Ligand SMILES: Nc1ncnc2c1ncn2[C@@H]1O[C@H](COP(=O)(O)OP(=O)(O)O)[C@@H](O)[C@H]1O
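Below you will find one chain, with nothing else, as C-alpha cells; this is the form predicted alone, and questions on how it binds or moves follow later.
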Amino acid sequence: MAIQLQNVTYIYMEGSVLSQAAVSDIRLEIQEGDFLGMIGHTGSGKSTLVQLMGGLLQPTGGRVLVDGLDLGDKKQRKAARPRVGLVFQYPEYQLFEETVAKDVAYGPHNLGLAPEEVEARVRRAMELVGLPYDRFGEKSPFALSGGEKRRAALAGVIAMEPRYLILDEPMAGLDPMGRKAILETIAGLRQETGCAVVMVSHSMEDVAQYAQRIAVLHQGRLVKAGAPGEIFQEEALLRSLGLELPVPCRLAAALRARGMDVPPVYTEEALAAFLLERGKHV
C-alpha cells in the first residue's frame, strides 16, 4: 500500500505562451505509516504536488497511484479519494455548519454511511484531536479559539478515516503553543490510526522533530530525499536552495567551531541530552 509518484510532471497553462512547469519528473513513494516532511522555498512545487497526490490536479505527464489506483482514471480516482485526506493552510476557513459535530460529520455522511457509523466516526475523530464530543459537539465552530478551529477542521478529515493524511502548512498563523498542539495531535493521530502523514512545512525544526523522511524540492524538482540526519548534513546544499538548518543543528555547529566535540544532532531533545550527559563529566 503506497502513494506512488511515477515521473510526475505538471504544467500550468500548458500549450500557452504562459505555460510553466510547476513540478517536473517527480519520483517519490509514500508507504502506509510513513511520516514524510516536504520542504522547499516558496514556488518549489510543494502545494502543486500535494494537490496531485489528492487527485485535485491531474498530471501533465507520469502517473499518481494510490494503493495501485491510477488518479488519472476517473473511476479509479473516485475509489482512491477517500483514502487520501487533504488539509490545506487555514483549514478553519472551511468550517460552515452550525455545530462542530455536524461539520465533522459532513464528509462521512457524504460517503453514505449509516447514521450510527457517522456518529461513531465523529466521536472518535473529535476525541483524537482533543475536542471531546460531549464538550464541543454542540458548540458553534465559530465560537472556538483559533487552535480549536484548526483541530475541528482536522477532525472533519480524520472522520473520513484516510490512509494518507496530507497537510499543506497546517500550522500557518498559529502561535508557538498552538503549533506544538497541532503537531502533537498529528503525531498522535498517526500513532493511533496508522495512517501515513505527508506534511509540507517551512519550519525546519518541525520537520526535524517529527518526520521520518524528508523530501527537498526546488524549482519543481525533487533534489533529495532521505532521513532527517542525512538531509541536515547537507548544509551547503540546503543553503544553496535558500533553506536554513534547524536551530539545534546551527547551535551544534557553533559549539563545534569553539572546540566542543558535538555529534550531528538536529532536534532540541538530542542536543539537550548530549549537553546534559557531557555536563556530568565536567
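In this text, residue numbers run from 1 along the sequence as written. Predicted model only: the values in this text are computed from it and were never measured.
If you look for the form predicted in complex with this ligand, you will not find it shown, but the lines that follow are about it.
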(message) Taking this ligand as it sits in the model of the complex, is residue 221 in contact with it (heavy atom to heavy atom, 4.5 Å or less)?
(response) no
(request) Although this ligand is absent from this view, report whether residue 228 comes within 4.5 Å of it in the model of the complex, heavy atoms only. (result) no
(message) So, residue 41 and this ligand: in the model of the complex, are they within 4.5 Å at any heavy atom pair?
(response) yes
(message) So, residue 60 and this ligand: in the model of the complex, are they within 4.5 Å at any heavy atom pair?
(response) no
(message) Just to confirm the contact call: exactly one of 230-238, 42-50, 247-255, 66-74 touches this ligand in the model of the complex at a 4.5 Å heavy atom cutoff, so which is it?
(response) 42-50
